[in-house]
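Okay, so we've got a single protein chain in two different forms coming up as structure tokens, structure 1 first and structure 2 after it.
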Structure 1
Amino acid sequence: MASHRQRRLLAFSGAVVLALTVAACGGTSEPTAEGKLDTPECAAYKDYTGIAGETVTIYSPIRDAEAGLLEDAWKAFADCTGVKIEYEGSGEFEAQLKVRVEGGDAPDLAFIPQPGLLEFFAKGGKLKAAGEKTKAMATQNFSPDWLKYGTVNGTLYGAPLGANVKSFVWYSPSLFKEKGWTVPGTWDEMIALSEKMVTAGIKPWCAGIGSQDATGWPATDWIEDVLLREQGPDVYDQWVTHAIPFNDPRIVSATDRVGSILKNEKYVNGGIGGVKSIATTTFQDGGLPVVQKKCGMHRQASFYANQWPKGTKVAEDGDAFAFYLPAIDPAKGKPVLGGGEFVGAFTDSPATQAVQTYLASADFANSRAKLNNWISANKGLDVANVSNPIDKVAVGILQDSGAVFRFDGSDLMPAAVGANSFWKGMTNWINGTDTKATLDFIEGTWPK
């Protein structure tokens, strides 16, 4: 008779044999990560093989609740492929990314919102060129206008990710309905509407450019939007790169056109004060008179939807909505000013390249959009997956084949100008400095 110990050994041996037999016969044991790729729920990720068990680190300026939504958006990809994605968001991203890269502690991937910063790392030999699969995915899903901001000297380094649209004018649908006003489709119609508002006793525009150390930036957006509409993308590109001076006559013309609204006491600052009140009003408060029906229109980006008082219905039939800032010269296309992030790689392992490729896919764009408050210029993004009404409009603009997209100019300029003298110059301009003196001042600060 077998001893107690022998019986235990026999039972264990039998269990091992049974387990091996089940495995060999394709039993019902938990599949490996690679095996999951053959299941119906993982069909979308069948091309991302060979990365199970690998870890990819991502560093980004996106934090808090939005960071959690990003992780939720790529969870299915990670579960199916078996790759582990370690994400870190930081409020000091721009400064700390440089420190980490120089200190040999670079992340595998970084979500970089400034094309100038991406160029800095690419030219410094720190970023890896996008692999062929990433390049193909990005080319399939993004327009040349977007791809060029992730490209340095003809090589793609950063695939586009999220986006925002700045070319919006907010208004009160109920006020428009009450007064019989219609949303303007051209610049001239918008100015004619402004005059109607004056006649009705309502100042047509309200604005605020206060933003602590960054006071002035909303006025720079006005200049960029109008320059793009008045002079077209080629002149805009020349201005941003300083191929033409900051005080070029064409920049003077665009600035004066903005001044015909923002420095016009008849037009501003509805519900707040006169022209100079624009400089002392925060950008968060600048549009609030719209829902108070003390101001007709407020030019600000899609993200301003988060600034309306709690309970404000943002919809075409609600308390606040926005229309596209009209073109000035239709022959120059449909200009769109905006911003976004680019996924740059500091390592080129197969897992890093796979994650970079996936983030440029339509699958990721739709997965993230379904979670709300996020848009992308990805052509594969289904507008039906975007629930926020203003985001739906933004996606429609970004996907418009006639749209001419340009990145926020100040984000492309040297920091001494784009994040300093341009802001300060426009603040002084609002406070009374004339256009020539303002643009001469900014031109004088451009790095030699």
Structure 2
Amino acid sequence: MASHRQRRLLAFSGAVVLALTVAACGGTSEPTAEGKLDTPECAAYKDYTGIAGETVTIYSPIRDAEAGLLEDAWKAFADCTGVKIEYEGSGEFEAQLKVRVEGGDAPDLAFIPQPGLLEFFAKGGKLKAAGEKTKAMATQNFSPDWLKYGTVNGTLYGAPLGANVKSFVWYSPSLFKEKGWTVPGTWDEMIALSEKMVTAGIKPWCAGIGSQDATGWPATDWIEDVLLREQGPDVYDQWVTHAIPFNDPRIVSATDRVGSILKNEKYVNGGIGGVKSIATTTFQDGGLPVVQKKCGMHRQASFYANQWPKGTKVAEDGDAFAFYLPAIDPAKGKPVLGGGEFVGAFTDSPATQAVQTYLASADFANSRAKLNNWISANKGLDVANVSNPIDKVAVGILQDSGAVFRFDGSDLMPAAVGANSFWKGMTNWINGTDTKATLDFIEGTWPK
């Protein structure tokens, strides 16, 4: 019986070997990619010569459908130049990138959403400084405000790629119309509107800060946005670089102002529950009561446009739209909080540098923007290529020379705070810890 089975196994594996050998011989290797830069349709890429047949690997936190759109966006570039771009997106990007880089398996390029992480690799000598062409392209297309975040000790390491604007408040235009409410232009108007909503029996605010292991980040965005409005960009910068302590009275004041909304049982959590329900609601679900008309307003970034249920009309006269989170003190200017990715290079081959340069170009920005759901702070981005109405508003804000742009502070701080204790602290704060204890805790975890 045993020997019978063995024989059968032998015969089976023999058949497999045969099949595989045949398959292996039958499969011809794919033709090596040749550039076709001299053809007319490739005129735009004529400067990117000599990289045909090279492979550039990219590692990024962007995945699924949006990753596919990125690949579509640079397809023409890749076809013309003959460079092969191998793209990989991961939900565990930050931790994995550290492991890979240290283990000697770094990608050629990485899309890094945290300037703090970029700095970590740059200071560790892992990142290569941007080449001359990349630098020229980046300087041409991005404002100093943005380039600063890709620069470490005066050297540019990464040009910005995509962007998002966080200073948005989502609302339901149809509900506003129904009730005769108008979009507030100042902070005080916004609070007055909140009171009106309370009188009308609708909780004015809803929020959710759940985000698996990053739970807490939406609350940190709130603090940053309000601090920027209360104290202006200079104090904000001092706070981010720890020139002033985390528990400075000015931070306490900003946190308390956020608390007057997020920890106010009268104001939250529309359509979801009480204050504490903010902590257990995912950020994806946090704003959904807006379209159910159970909640008046939801402060969240431009990318929240993708979270609405299928069939929601995102437009100024639709089911959901967003207004700019108004200024508190008009004298402090028009602050904009946002985020984005930076393209850092771990190798400096000509092909890597060429791709890095191309990704900083207006050509790429427009090519990607045409495919929907994406914006950039690239000055060459033509707003006509942006189809989504909220993205149009966001591009308008990013290109507004009167606006003061600041990057998401938690992405700038050391990871021990920005990706750990700040999140933890804010989650506990929502869950009942007072402002002082919260800020003291975060201050205590700032690396010495």
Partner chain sequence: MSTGTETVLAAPDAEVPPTVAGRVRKKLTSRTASAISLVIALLWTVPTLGVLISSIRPENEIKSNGWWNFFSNPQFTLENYEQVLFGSRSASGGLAGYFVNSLVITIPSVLFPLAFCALAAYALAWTRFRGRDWIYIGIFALQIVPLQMALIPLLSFFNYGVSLGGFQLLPAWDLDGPAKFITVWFAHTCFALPLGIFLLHNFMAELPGDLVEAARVDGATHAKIFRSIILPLIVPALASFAIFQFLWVWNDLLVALIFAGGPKNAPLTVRLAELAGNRGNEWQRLTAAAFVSIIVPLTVFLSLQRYFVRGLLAGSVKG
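These numbers were taken from a predicted model, which means no experiment stands behind them. Reference numbering: structure 1, starting with residue 1. Here, rigid core means the biggest group of C-alpha atoms that superpose within 1.5 Å across both forms.
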For the form predicted in complex with the partner chain, pick structure 2
Check: If we fit on the core, is the Cα of Ala110 displaced 2 Å or more between structures 1 and 2?
Finding: yes
After superposing the rigid core, is the C-alpha displacement of Tyr358 2 Å or more between structures 1 and 2? yes
State yes or no: after fitting on the rigid core, is the Cα displacement of Asn153 between structures 1 and 2 at least 2 Å? yes
After superposing on the rigid core, the Cα of Ser349 moves between structures 1 and 2 by an amount in angstrom of 5.4
Aligning on the rigid core, one finds that Glu71 shifts at its CA between structures 1 and 2, in Å, by 3.5
